[in-house]
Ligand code: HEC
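A single chain, nothing else alongside it, follows as structure tokens in the form predicted alone.
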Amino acid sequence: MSKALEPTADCEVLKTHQPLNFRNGPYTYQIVREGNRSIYKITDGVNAISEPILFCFGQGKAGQTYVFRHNDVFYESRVSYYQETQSLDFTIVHPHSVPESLEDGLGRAMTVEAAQGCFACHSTASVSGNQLQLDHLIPGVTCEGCHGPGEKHIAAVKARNFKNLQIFNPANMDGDELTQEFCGACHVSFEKALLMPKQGGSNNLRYQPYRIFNSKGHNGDLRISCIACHDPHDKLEQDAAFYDSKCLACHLTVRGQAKTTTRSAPACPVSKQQCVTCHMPKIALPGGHAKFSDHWIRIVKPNEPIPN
């Protein structure tokens, strides 16, 4: 999460992939490096609009989208970089149609509220109240992004006041509140997803809190939360076998096994290994050039439609 947002000068994708080009009808997009800057350009062969990229959103493991200013308005780039193809393509949920003009083809002009939401989730200290304050921005999600201001916490630790550490600890929240209200504030909760247009079916695969809310038999279990499987202070584990112990903390290993207060969920009749490959399969996100683990935990049947 520390690389959820980077200033252009530090962006490794733009440093190492130059130039980047994309064509849509008569319009050509190009991102070129100039020293420690990257320039986003669209041209119809006669006229052009060029703007320096201010921030790179996403670390680039799946993709990366760019934010720039045009006529004093923040824009989300219409094209993004995708790691799978190592090239530019349409940004997710942006139109694929040929734009009517250079201005129309630049990208999505962001409202003040949209800009605040993007920066609040991808950086630290960039939003105060309802004000965007980019002069205070810390790139990425730092400790204070989740735990709040740390000055009083540091003072308490130095004073060895361990009973009153003066810091917010999300681990004290119950599972549903943690997943939907805290993590879901950025990763998209059930309620937030319902308010978003065109987010049905596979389009909401990225929204883990929304997906897990729909998981029959898991929603409402206070043990089920984001941190039940993921350590926010460590890198994301990619090995499916790593998560077997998480599943078997609640599920029995074999049928007929004696239940305990913590392990009472039924055993899988098929396997006790690689659980997530069957029950949380990776599914391709349309236009995303990447697969996401579907957090809608269920028995997935071949060729069935993706539930929304």
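The first residue of the shown sequence is 1; numbering continues from there. Rigid core: the largest C-alpha set superposing within 1.5 Å between the two forms. The model shown is predicted, which means the values in this text are computed figures rather than measured ones.
The form predicted in complex with this ligand is left out here; the points below concern that form.
In the predicted bound form, this ligand sits within 4.5 Å of a heavy atom belonging to Phe182. A residue is said to contact a partner when one of its heavy atoms sits within 4.5 Å of a partner heavy atom; Ser293 meets this definition for this ligand in the predicted bound form. Within this chain, Glu76 lines the site of this ligand in the predicted bound form, having a heavy atom no more than 4.5 Å away.
Val13 falls outside the set of residues with a heavy atom inside 4.5 Å of this ligand in the predicted bound form. Proximity to this ligand in the predicted bound form, defined as a heavy atom within 4.5 Å, holds among Ile49, Leu54, Ile39, Leu248 only for Leu248. The listed set Gln86, Thr142, Ser101, Gln133 contains one residue whose heavy atoms approach this ligand in the predicted bound form to within 4.5 Å, identified as Thr142.
In the predicted bound form, this ligand lies within 4.5 angstroms of at least one heavy atom of each of the following residues of 1 to 34: Met1, Lys3, Ala4, in sequence order. When two forms of a protein are overlaid on their rigid core, residues whose CA moves 2 Å or more are considered shifted, and Gln208 is not one of them between the shown form and the other one.
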